[in-house]
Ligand code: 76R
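In the block that follows, a single chain appears as structure tokens, in the form predicted alone.
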């Protein structure tokens, strides 16, 4: 029996979240043995269908899509997609696998998540308290300027977290992570004030890379095997190495973080992926 009060209306059933977008990362590898069995005509038809699938238009279009060539033997290329409707994302994945090259494309790894506004993002009032705790005098021109700037910036930052624009930068890396539950370092038994302090330190480390690295954290809790997915875009791969190295020394990472596999990608369209992977 439902315990919901009769006066509270039930939300309409939907796969579209009330806040945030679905996000999926797909890793693929070409099966060379199967490719060798295709005729020249089949390969040509496959290349054309592959390019059409990644053009991201028509009925299967999703709001955000980027392709990447990736280094290492675990995958040849990666797609990252976001949309309010998860079935639009999966439709592109299915279109790729059902095309003429589908039998020669092997999905090797994926991660399913959703965008969110983290509980550690300071509200305007939280930001005010943080400035005071850091020694800023309330009511001074400097204090007021910082407060006004944050109040203007916060809605835009939150919108970018929920429905982000993907920067057209040449390099990216992706990795899932958890917060530890080990005895003596269980993140989820720490008081919020302590967790908030540690995440503020972590955020300050990231701010040092503004203009060089852009970050998106999506949540996989209840959706996949890891709790979060981290996507980092870099103006150069060296910045990705530098930010990950630096932020691992923050206590939020050094004590409490558990990391999954890292994938690095280099921005590429469908034709560039095919050319790089010698699909001809």
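Positions refer to the first chain, counted from 1. Remember, it's a predicted structure, so these values are computed and weren't measured experimentally.
Same protein, other form: the form predicted in complex with the ligand, not shown, and the subject of what follows.
The three marked residues, 116, 206 and 247, each reach the ligand in the predicted bound form, with a heavy atom inside 4.5 Å. Residue contact with the ligand in the predicted bound form: residue 253 places a heavy atom within 4.5 Å of it.
Using a 4.5 angstroms limit between non-hydrogen atoms, residue 230 touches the ligand in the predicted bound form. Mapping the unseen interface onto this chain, residue 91 falls outside it, with no heavy atom inside 4.5 Å of the ligand in the predicted bound form. Although the partner is absent here, residue 217 sits close enough that one of its heavy atoms falls within 4.5 Å of the ligand in the predicted bound form.
Contact annotation: the ligand lies within 4.5 Å of heavy atoms from the stretch 116 to 124 in the predicted bound form, the single such stretch among 91 to 99, 116 to 124, 73 to 81, 139 to 147. Out of the listed residues 243, 62, 38, 49, 243 is the one that sits within 4.5 Å of the ligand in the predicted bound form by at least one heavy atom. Contacts between 183 to 203 and the ligand, taken as any heavy atom within 4.5 Å in the predicted bound form, involve 187, 199, 202, 203.
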